[in-house]
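This document opens with one chain alone, in C-alpha coordinates, the form predicted on its own.
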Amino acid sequence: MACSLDPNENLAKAEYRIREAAGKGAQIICVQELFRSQYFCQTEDIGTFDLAETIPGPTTESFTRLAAELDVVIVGSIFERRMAGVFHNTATIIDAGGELLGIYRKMHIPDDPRFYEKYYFTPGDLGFRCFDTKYARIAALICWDQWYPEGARLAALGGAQILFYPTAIGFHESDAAEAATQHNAWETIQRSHAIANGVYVAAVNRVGHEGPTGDGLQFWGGSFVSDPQGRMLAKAGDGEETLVVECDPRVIESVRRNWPFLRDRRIDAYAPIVSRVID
(Lines give C-alpha, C1' and ligand atoms only; values in the text may rest on other atoms or scores of the structure.)
Protein backbone atom coordinates (compact mmCIF):
# COMPACT_ATOMS: atom_id res chain seq x y z
CA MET A 1 0.00 0.00 0.00
CA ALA A 2 0.97 3.64 -0.35
CA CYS A 3 1.52 5.56 2.87
CA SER A 4 0.58 9.08 3.94
CA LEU A 5 2.26 11.29 6.54
CA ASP A 6 -0.43 10.40 9.13
CA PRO A 7 0.34 7.20 11.15
CA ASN A 8 -3.28 6.82 12.22
CA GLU A 9 -4.50 7.07 8.64
CA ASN A 10 -1.99 4.40 7.61
CA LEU A 11 -3.08 2.11 10.43
CA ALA A 12 -6.72 2.53 9.43
CA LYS A 13 -5.84 1.70 5.82
CA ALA A 14 -3.93 -1.40 6.91
CA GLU A 15 -6.88 -2.51 9.04
CA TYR A 16 -9.18 -2.12 6.04
CA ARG A 17 -6.86 -4.09 3.78
CA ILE A 18 -6.46 -6.86 6.37
CA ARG A 19 -10.24 -7.17 6.47
CA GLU A 20 -10.28 -7.21 2.69
CA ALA A 21 -7.72 -10.03 2.58
CA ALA A 22 -9.56 -12.04 5.23
CA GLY A 23 -12.76 -11.61 3.25
CA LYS A 24 -11.01 -13.19 0.27
CA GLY A 25 -10.01 -16.22 2.34
CA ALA A 26 -6.55 -15.24 3.56
CA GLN A 27 -5.41 -17.05 6.69
CA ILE A 28 -1.96 -15.47 7.19
CA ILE A 29 -1.74 -11.77 6.35
CA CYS A 30 1.45 -9.73 6.15
CA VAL A 31 1.76 -5.95 5.91
CA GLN A 32 4.74 -4.10 4.47
CA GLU A 33 7.74 -2.82 6.41
CA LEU A 34 7.16 0.30 8.55
CA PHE A 35 3.63 0.67 7.17
CA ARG A 36 2.53 3.27 9.74
CA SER A 37 4.64 6.01 8.18
CA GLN A 38 6.34 6.99 5.01
CA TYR A 39 9.85 5.59 4.75
CA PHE A 40 11.58 8.02 7.09
CA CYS A 41 15.08 6.54 6.71
CA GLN A 42 15.69 8.72 3.65
CA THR A 43 17.03 11.34 6.07
CA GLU A 44 18.58 11.43 9.53
CA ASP A 45 16.19 13.41 11.76
CA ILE A 46 16.22 13.08 15.53
CA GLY A 47 12.56 14.06 15.71
CA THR A 48 11.60 10.95 13.76
CA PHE A 49 12.19 8.82 16.84
CA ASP A 50 8.83 10.15 18.06
CA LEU A 51 7.20 7.75 15.58
CA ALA A 52 8.44 4.73 17.53
CA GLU A 53 6.10 2.74 19.77
CA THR A 54 6.39 0.06 22.41
CA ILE A 55 5.26 -3.54 22.27
CA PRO A 56 2.51 -3.87 23.35
CA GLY A 57 1.33 -0.59 21.90
CA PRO A 58 -1.17 0.87 19.44
CA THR A 59 -0.28 -1.35 16.49
CA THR A 60 -0.19 -4.63 18.39
CA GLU A 61 -3.43 -3.72 20.18
CA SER A 62 -5.14 -3.11 16.84
CA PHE A 63 -3.78 -6.24 15.20
CA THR A 64 -4.50 -8.56 18.12
CA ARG A 65 -8.14 -7.42 18.06
CA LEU A 66 -8.32 -7.98 14.31
CA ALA A 67 -6.66 -11.40 14.51
CA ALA A 68 -9.15 -12.51 17.15
CA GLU A 69 -12.15 -11.13 15.28
CA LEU A 70 -11.18 -12.48 11.84
CA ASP A 71 -9.42 -15.69 12.99
CA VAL A 72 -6.33 -14.82 10.96
CA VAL A 73 -2.59 -14.67 11.61
CA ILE A 74 -1.12 -11.19 11.15
CA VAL A 75 2.54 -10.43 10.51
CA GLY A 76 2.92 -6.79 11.53
CA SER A 77 5.73 -4.25 11.29
CA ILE A 78 6.68 -1.76 13.97
CA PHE A 79 9.28 0.93 14.62
CA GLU A 80 9.92 -0.44 18.10
CA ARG A 81 10.97 1.69 21.07
CA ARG A 82 12.65 -0.84 23.34
CA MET A 83 13.96 1.75 25.77
CA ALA A 84 15.40 5.25 25.63
CA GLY A 85 18.11 5.20 22.97
CA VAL A 86 17.41 1.64 21.77
CA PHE A 87 15.08 1.22 18.80
CA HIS A 88 14.45 -1.69 16.45
CA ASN A 89 12.80 -2.45 13.13
CA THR A 90 10.52 -5.23 14.33
CA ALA A 91 8.03 -7.74 12.97
CA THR A 92 5.25 -8.98 15.23
CA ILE A 93 3.60 -12.38 14.79
CA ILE A 94 0.03 -12.52 16.06
CA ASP A 95 -1.78 -15.82 15.95
CA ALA A 96 -5.37 -16.40 14.95
CA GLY A 97 -7.28 -15.79 18.16
CA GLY A 98 -5.23 -12.72 19.00
CA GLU A 99 -2.20 -14.08 20.86
CA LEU A 100 1.09 -12.26 20.30
CA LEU A 101 3.36 -15.24 19.64
CA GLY A 102 6.53 -13.19 19.55
CA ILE A 103 8.64 -10.74 17.61
CA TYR A 104 11.52 -10.72 15.17
CA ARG A 105 13.99 -7.82 15.13
CA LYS A 106 15.65 -7.01 11.83
CA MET A 107 19.15 -8.46 11.85
CA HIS A 108 20.80 -6.83 8.82
CA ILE A 109 20.68 -3.02 8.92
CA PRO A 110 21.59 -1.12 5.72
CA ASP A 111 23.29 2.23 5.41
CA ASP A 112 23.05 3.52 1.85
CA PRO A 113 22.00 6.85 0.36
CA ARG A 114 18.31 7.30 1.22
CA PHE A 115 18.39 4.14 3.34
CA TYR A 116 20.02 5.46 6.51
CA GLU A 117 18.73 2.72 8.77
CA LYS A 118 21.78 2.44 11.00
CA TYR A 119 20.91 5.87 12.38
CA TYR A 120 17.57 4.58 13.64
CA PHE A 121 17.77 0.85 14.28
CA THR A 122 19.78 -1.33 16.63
CA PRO A 123 20.56 -4.70 14.98
CA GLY A 124 18.30 -7.53 16.08
CA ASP A 125 19.34 -9.79 18.93
CA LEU A 126 16.78 -12.58 18.76
CA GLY A 127 18.15 -14.62 15.88
CA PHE A 128 16.07 -16.03 13.03
CA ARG A 129 12.93 -17.23 14.76
CA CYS A 130 10.13 -19.52 13.65
CA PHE A 131 6.57 -19.43 14.94
CA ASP A 132 3.90 -22.11 15.03
CA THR A 133 0.70 -20.38 14.01
CA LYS A 134 -2.73 -21.92 13.59
CA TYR A 135 -2.18 -22.35 9.86
CA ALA A 136 1.56 -22.88 9.30
CA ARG A 137 5.01 -22.62 10.84
CA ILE A 138 6.39 -19.32 9.58
CA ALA A 139 9.36 -16.99 9.87
CA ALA A 140 9.42 -13.25 9.33
CA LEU A 141 12.58 -11.55 8.10
CA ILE A 142 12.68 -7.89 7.06
CA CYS A 143 13.76 -6.16 3.83
CA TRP A 144 17.59 -6.02 3.83
CA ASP A 145 17.55 -9.49 5.39
CA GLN A 146 16.23 -10.75 2.04
CA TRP A 147 19.66 -10.46 0.42
CA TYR A 148 21.30 -12.90 2.85
CA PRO A 149 20.99 -16.65 2.24
CA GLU A 150 22.15 -17.39 5.78
CA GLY A 151 19.00 -15.96 7.36
CA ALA A 152 16.70 -17.84 5.00
CA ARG A 153 18.61 -21.08 5.55
CA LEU A 154 18.48 -20.82 9.34
CA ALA A 155 14.75 -20.09 9.24
CA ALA A 156 14.20 -23.09 6.98
CA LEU A 157 16.30 -25.33 9.23
CA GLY A 158 14.06 -24.15 12.06
CA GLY A 159 11.11 -25.64 10.22
CA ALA A 160 9.57 -22.56 8.60
CA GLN A 161 7.21 -23.41 5.75
CA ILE A 162 6.78 -19.80 4.60
CA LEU A 163 9.30 -16.97 4.81
CA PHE A 164 7.67 -13.54 4.97
CA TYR A 165 9.68 -10.46 4.03
CA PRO A 166 7.97 -7.17 4.94
CA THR A 167 9.78 -4.72 2.69
CA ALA A 168 10.32 -1.07 1.74
CA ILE A 169 12.43 -1.09 -1.40
CA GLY A 170 12.54 1.19 -4.40
CA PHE A 171 14.93 3.29 -6.41
CA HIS A 172 16.14 6.86 -6.21
CA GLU A 173 15.02 8.93 -9.15
CA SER A 174 18.62 9.40 -10.26
CA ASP A 175 18.89 5.59 -10.61
CA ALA A 176 15.81 5.16 -12.79
CA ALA A 177 17.90 3.67 -15.59
CA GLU A 178 18.93 0.83 -13.28
CA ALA A 179 15.46 0.25 -11.81
CA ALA A 180 14.69 -2.85 -13.90
CA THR A 181 18.03 -4.44 -13.01
CA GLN A 182 17.55 -3.75 -9.31
CA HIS A 183 14.01 -5.09 -9.36
CA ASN A 184 15.06 -8.26 -11.15
CA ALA A 185 17.88 -8.87 -8.66
CA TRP A 186 15.45 -8.39 -5.76
CA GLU A 187 13.07 -10.98 -7.14
CA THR A 188 15.82 -13.41 -8.11
CA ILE A 189 17.54 -13.52 -4.72
CA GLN A 190 14.30 -14.27 -2.90
CA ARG A 191 13.17 -16.91 -5.37
CA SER A 192 16.59 -18.50 -4.85
CA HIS A 193 15.85 -18.73 -1.11
CA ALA A 194 12.64 -20.59 -1.95
CA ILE A 195 14.50 -23.02 -4.20
CA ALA A 196 17.57 -23.61 -2.02
CA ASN A 197 15.45 -24.25 1.07
CA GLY A 198 12.29 -25.82 -0.35
CA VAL A 199 9.96 -23.22 1.19
CA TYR A 200 7.43 -20.63 0.13
CA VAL A 201 8.57 -17.01 0.09
CA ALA A 202 6.26 -14.01 0.35
CA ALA A 203 7.72 -10.54 -0.27
CA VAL A 204 5.48 -7.61 0.69
CA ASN A 205 6.57 -4.20 -0.61
CA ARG A 206 5.18 -0.68 -0.46
CA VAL A 207 4.22 1.42 -3.49
CA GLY A 208 4.28 5.07 -4.48
CA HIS A 209 6.67 8.00 -4.46
CA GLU A 210 7.94 9.33 -1.14
CA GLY A 211 10.15 12.33 -0.57
CA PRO A 212 10.67 15.56 -2.49
CA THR A 213 10.04 15.50 -6.23
CA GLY A 214 13.30 14.91 -8.03
CA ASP A 215 15.04 13.69 -4.87
CA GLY A 216 12.89 10.94 -3.40
CA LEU A 217 12.31 7.21 -3.64
CA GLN A 218 9.94 5.45 -5.99
CA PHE A 219 8.78 2.21 -4.36
CA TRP A 220 8.16 -0.37 -7.03
CA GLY A 221 5.63 -2.61 -5.30
CA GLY A 222 5.88 -5.94 -7.08
CA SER A 223 4.88 -7.96 -4.01
CA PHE A 224 4.95 -11.67 -4.85
CA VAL A 225 4.73 -15.23 -3.60
CA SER A 226 7.16 -17.90 -4.83
CA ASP A 227 6.68 -21.62 -4.38
CA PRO A 228 9.48 -24.03 -3.29
CA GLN A 229 10.63 -24.43 -6.89
CA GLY A 230 10.93 -20.68 -7.42
CA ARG A 231 7.77 -20.43 -9.51
CA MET A 232 5.98 -17.11 -9.21
CA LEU A 233 2.50 -17.97 -7.93
CA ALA A 234 1.28 -14.39 -7.88
CA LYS A 235 2.78 -10.95 -8.39
CA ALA A 236 1.39 -7.49 -7.78
CA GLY A 237 1.96 -4.44 -9.94
CA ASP A 238 3.22 -1.02 -8.88
CA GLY A 239 -0.12 0.10 -7.40
CA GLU A 240 -1.98 -0.81 -4.24
CA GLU A 241 -3.03 -4.44 -4.37
CA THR A 242 -3.92 -7.40 -2.15
CA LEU A 243 -2.64 -10.83 -3.17
CA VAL A 244 -4.25 -13.99 -1.81
CA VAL A 245 -2.23 -17.11 -2.62
CA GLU A 246 -2.66 -20.75 -1.64
CA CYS A 247 0.48 -22.35 -0.19
CA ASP A 248 0.12 -26.13 0.02
CA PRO A 249 2.53 -27.68 2.56
CA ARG A 250 2.42 -30.98 0.63
CA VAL A 251 4.42 -29.25 -2.11
CA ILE A 252 7.28 -28.70 0.34
CA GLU A 253 7.40 -32.42 1.09
CA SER A 254 7.35 -33.35 -2.60
CA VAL A 255 9.99 -30.82 -3.66
CA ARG A 256 12.40 -31.74 -0.88
CA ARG A 257 12.18 -35.42 -1.79
CA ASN A 258 13.22 -34.62 -5.34
CA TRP A 259 15.63 -31.77 -4.54
CA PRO A 260 17.20 -32.91 -1.24
CA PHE A 261 19.45 -29.90 -0.76
CA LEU A 262 19.08 -30.02 3.02
CA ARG A 263 20.08 -33.69 3.06
CA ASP A 264 23.26 -33.12 1.07
CA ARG A 265 24.61 -30.18 3.02
CA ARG A 266 28.23 -30.65 4.16
CA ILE A 267 27.81 -29.30 7.65
CA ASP A 268 31.24 -30.66 8.54
CA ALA A 269 32.82 -28.19 6.08
CA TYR A 270 30.99 -24.94 6.80
CA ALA A 271 32.70 -23.75 10.00
CA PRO A 272 34.57 -20.89 8.22
CA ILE A 273 31.27 -19.24 7.30
CA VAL A 274 31.16 -17.61 10.73
CA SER A 275 34.34 -15.67 9.90
CA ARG A 276 34.05 -12.19 8.36
CA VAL A 277 36.62 -13.12 5.73
CA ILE A 278 38.80 -16.15 5.16
CA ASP A 279 42.48 -15.28 4.88
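A residue's number is simply how far along the shown sequence it sits, counting from 1. Because the structure is predicted, anything quoted here is derived from the model rather than measured.
The discussion below concerns the form predicted in complex with another copy of the chain, not included here.
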*All three of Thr60, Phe79 and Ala236 touching another copy of the chain in the model of the complex at 4.5 Å, heavy atom to heavy atom?*
no
Given 60-68, 224-232, 43-51, 206-214, the stretch touching another copy of the chain in the model of the complex at heavy atoms within 4.5 Å is 224-232
From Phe131, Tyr120, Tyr200, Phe128: within 4.5 Å of another copy of the chain in the model of the complex by heavy atoms is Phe128
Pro260: touches another copy of the chain in the model of the complex, heavy atom cutoff 4.5 angstroms
yes
Notebook entry, point to check: Using heavy atoms and a 4.5 Å limit, would one call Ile273 a contact residue for another copy of the chain in the model of the complex?
Noted result: yes
Examine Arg265 and determine whether its closest non-hydrogen atom to another copy of the chain in the model of the complex is within 4.5 angstroms. yes
### Message
Taking another copy of the chain as it sits in the model of the complex, is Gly98 near enough to touch it, meaning that at least one heavy atom pair lies within 4.5 angstroms?
### Response
no
Taking another copy of the chain in the model of the complex and a 4.5 Å non-hydrogen atom cutoff, the residues of 95-113 making contact are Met107, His108, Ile109, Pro110, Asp111, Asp112
